[in-house]
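Here we start with a single chain on its own, the form predicted on its own, put down as structure tokens.
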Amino acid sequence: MNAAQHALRLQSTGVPSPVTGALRRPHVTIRGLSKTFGKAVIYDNFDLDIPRGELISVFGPNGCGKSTLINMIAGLIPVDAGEILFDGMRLDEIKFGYVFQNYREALFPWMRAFDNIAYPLKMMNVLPAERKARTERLVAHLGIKLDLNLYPYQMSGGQQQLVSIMRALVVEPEILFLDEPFSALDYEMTLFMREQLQKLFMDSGTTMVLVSHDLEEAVYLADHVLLLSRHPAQVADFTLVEAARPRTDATLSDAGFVRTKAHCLEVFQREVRRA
């Protein structure tokens, strides 16, 4: 079982939220997190709180543990020590989604796009008619204009990644993890997908945690930018991005946005220079 299949299994085993009239949104609490790979200490007694209903970008020096962090939160990598709770609950008590960088390996090539999106519902033992109805509702709600009868290999990279994101959203996750989801796309498709992700976030209100290697992207998409130090990683800064949504090309030249990006760059360069 590869990482994509393991994530699909994990994200489909959560229990439904109580009927409260609103989605239960997680507040992720991380305490005392530790992780080593061989002799490399990646995290040592690491603490973090992730606010509900925000899009958090994770940025930092190469090898600092950005992807490792979200993989531990999502249960794809075991922790050596520490505790991760979602509103006081364990991972297996909530529903979450995960979008991988390599969309080609994440989708099932023998399934049409529609069936790829609906697959987590099948794993949850949702009846076929309800799977079809829920998938159609999601597509309609998002206003996605794609031929979902196509197989992944008949679609562009951006279209495949969009299918991956919709598959992660179909379970109505309380939190969505995205591990450098645009890094394998060309620049034109990356710009398109950034706008699609922003729209999805604004429409769903789902807490999202995005690992990015592009500082401008990290700031542009985020409510907060989590800046990590070199390992053992600590929180170098948790920068608030105050730019109003929806963000557009004009946002990139806004004085407040430029100041925030400059501050994040200063913190990043300080951490890169650390021995």
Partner chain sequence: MNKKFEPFLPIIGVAGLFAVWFAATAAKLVDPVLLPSPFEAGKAFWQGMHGALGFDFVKTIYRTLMATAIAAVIAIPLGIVLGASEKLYRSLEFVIDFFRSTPASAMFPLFLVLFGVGDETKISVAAFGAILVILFNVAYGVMNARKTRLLAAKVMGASRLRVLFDVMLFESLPQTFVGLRNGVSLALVIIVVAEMFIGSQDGLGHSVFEAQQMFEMPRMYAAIFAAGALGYGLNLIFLLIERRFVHWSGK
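No experiment lies behind these values; they were computed from the predicted model shown. Residue numbers count along the first chain shown, from 1.
We do not show the form predicted together with the partner chain, though everything after this point is about it.
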ask   = Among M166, A113, L176, A106, which has any heavy atom within 4.5 Å of the partner chain in the model of the complex?
value = A106
request  = Consider G75 of the chain shown here, and say whether it contacts the partner chain in the model of the complex, taking contact as heavy atoms within 4.5 Å.
outcome  = yes
key: in the model of the complex, K122 touching the partner chain (heavy atom, 4.5 Å)   = yes
ask   = Can Y151 be called a contact residue for the partner chain in the model of the complex at 4.5 Å between heavy atoms?
value = yes
ask   = With the partner left out of view, is F100 within 4.5 angstroms of the partner chain in the model of the complex by any non-hydrogen atom?
value = yes
message = Quick check for you: of 197-205, 90-98, 137-145, 179-187, which stretch puts a non-hydrogen atom within 4.5 Å of the partner chain in the model of the complex?
response = 90-98
message = With the partner chain taken in the model of the complex, which residues across 172-190 come within 4.5 angstroms through any non-hydrogen atom?
response = none
